[in-house]
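Okay, here we've got a single chain as structure tokens, the form predicted on its own, with questions on binding and movement later.
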């Protein structure tokens, strides 16, 4: 029963990994660059939701939507100001600029909210449910359902809408997509806003279950990049599946080894997986 409980806990946090990693995979798909600020976008999303729930007492659901929109706007500005000018200068420049954005976000968070960890109270965290001996809070159930719903909506957007078709075209070839009349710059901007918005939602969803602090995105960010490698670079489906897999691995590690090593052993497992299949478990050419 302890193992099942830990796996359930792992799958819940795995949904957060999946959402955040899907955003990184989207960005990599269109720009061939990993957004190194995604973990801190996740952190700022948690702070935005916390500030709106505690300050103006906004309903939690609206605060989550506001976190998505706020981080999407930050992502839009980041793409326009930090990435577009260096798009054709080589990927190393893009990595440096996204790392700079990460540094800026962390320091702005310390300046605005201080470095002290904060509780994120909602009425859902105190409601405990039990199914078949497995216990979880209503907040965790909301996180799990919301993650799957958003992943489903993302799949629909990418597969069955004009915007999804444009994103897939740009991810295959920016030059060819441009010749076919697809507004490349606008597509990249919207993709980057959507990708970072997913991180904002993930932070707002998991914030009430954790402490919120400026460095909370650092470890999560490292796990997200590991998830991206495990799922296959640029593969949104692979990233989402790998996110849930990483969460389950963490749960199993917590059950058998203890919570002390739950952040270490998953990386060992990922290295083992990549040694077996270096291109990722769910390799596909593009998103």
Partner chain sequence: MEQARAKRSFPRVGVALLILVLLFVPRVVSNPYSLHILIASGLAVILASSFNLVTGFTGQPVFGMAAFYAVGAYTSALLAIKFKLAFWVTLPIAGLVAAVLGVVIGLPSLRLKKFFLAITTIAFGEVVRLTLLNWVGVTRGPMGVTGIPAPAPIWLPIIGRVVFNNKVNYYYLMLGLVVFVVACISSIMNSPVGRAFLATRDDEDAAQTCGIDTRFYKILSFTLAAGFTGMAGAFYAHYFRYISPNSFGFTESAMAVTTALVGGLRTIAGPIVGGVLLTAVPEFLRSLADYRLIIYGGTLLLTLAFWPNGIVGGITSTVSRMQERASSRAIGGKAR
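Note that this is a predicted model, so its numbers are computed, not measured. Positions refer to the first chain, counted from 1.
FYI, the form predicted together with the partner chain isn't displayed, but the following is about it.
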Just to confirm, with a 4.5 Å cut-off on non-hydrogen atoms, which of 82, 73, 165, 134 contacts the partner chain in the predicted bound form? 82
The one residue among 179, 96, 119, 153 placing a heavy atom within 4.5 Å of the partner chain in the predicted bound form is 96
If contact means any heavy atom within 4.5 Å, which of 44 to 52, 226 to 234, 239 to 247, 62 to 70 contacts the partner chain in the predicted bound form? 226 to 234
For the three residues 28, 268 and 275, which mark the spot I'm curious about, does each lie within 4.5 Å of the partner chain in the predicted bound form through at least one heavy atom? yes
So, residue 253 and the partner chain: in the predicted bound form, are they within 4.5 Å at any heavy atom pair? no
Is there any non-hydrogen atom of residue 149 lying within 4.5 Å of the partner chain in the predicted bound form? no
Contact of residue 160 with the partner chain in the predicted bound form (heavy atom, 4.5 Å): no
Within 4.5 Å, heavy atoms only: does residue 210 come near the partner chain in the predicted bound form? no
What are the residues of 210 to 227, in order along the chain, with a heavy atom within 4.5 Å of the partner chain in the predicted bound form? 219, 222, 225
